[in-house]
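Shown next as structure tokens: one chain only, the form predicted on its own.
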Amino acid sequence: MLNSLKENFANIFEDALIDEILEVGTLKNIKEGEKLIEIGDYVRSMPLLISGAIKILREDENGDELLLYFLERGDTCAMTLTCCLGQTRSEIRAIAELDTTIIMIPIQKMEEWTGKYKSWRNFVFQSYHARLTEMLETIDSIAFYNMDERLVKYLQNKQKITNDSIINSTHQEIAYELHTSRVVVSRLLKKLESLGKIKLFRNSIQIISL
């Protein structure tokens, strides 16, 4: 864990802070598809991603999901920070997009380090800014983009996160995350296939050129 932590955070945190993270942090491995945080949970610790990726989802009153953003190596979640510091229930769902390794930081250390380490304060503020920017992009895509444009952006993000041209998602799963119907997603995917941009398989999509 020491090597992985230093590899991800050596240029961000002081050595003393990394030592403290190693002392109090809890290493956790999450399998692809496993839920890390559920809506309504009290969040007692904050995740730092060592490897893998996590998708952050919001849910409406009908139980339909909307993908807000992805967390990658070296990231943390602003929504988790807010819940930890405010001691409120989670308003998001966090699910492992890939097999993921994280270090969970106790809530009391988060507050202590904010006053003790400048690098930690900067990390927290930058994380808030990055996640806010990503949520604004999600809002913009809903407000200003056509569904076909949103679908292309979604597939591009998936390819970037997984570093793989094969997207292992069903049409229904994509529809949930884009907050639309499976029929719409299937129609748009077939259109992209007819244009030679993707190739459709059972429960997977190969990106050729997007």
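None of these values were measured; they are calculated from a predicted model. Numbers follow the displayed sequence, beginning with 1.
Keep in mind that the form predicted in complex with the DNA is missing from the display, and what follows is about it.
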*With the partner removed from view, which of 65 to 73, 146 to 154, 42 to 50, 25 to 33 is the stretch that lies within 4.5 Å of the DNA in the predicted complex, judged by heavy atom distances?*
146 to 154
_Any non-hydrogen atom of Asn203 within 4.5 angstroms of the DNA in the predicted complex_ = yes
_Ile161 within 4.5 Å of the DNA in the predicted complex, heavy atoms_ = no
*Contact flag, His179 vs the DNA in the predicted complex, heavy atom cut 4.5 Å*: yes
*Touches the DNA in the predicted complex: Ile166 (any heavy atom, 4.5 Å)*: no
*Let me know which residues along 176 to 199 have a heavy atom within 4.5 Å of the DNA in the predicted complex, or say none if there are none.*
His179, Thr180, Ser181, Arg182, Val183, Val184, Ser186, Arg187, Lys190
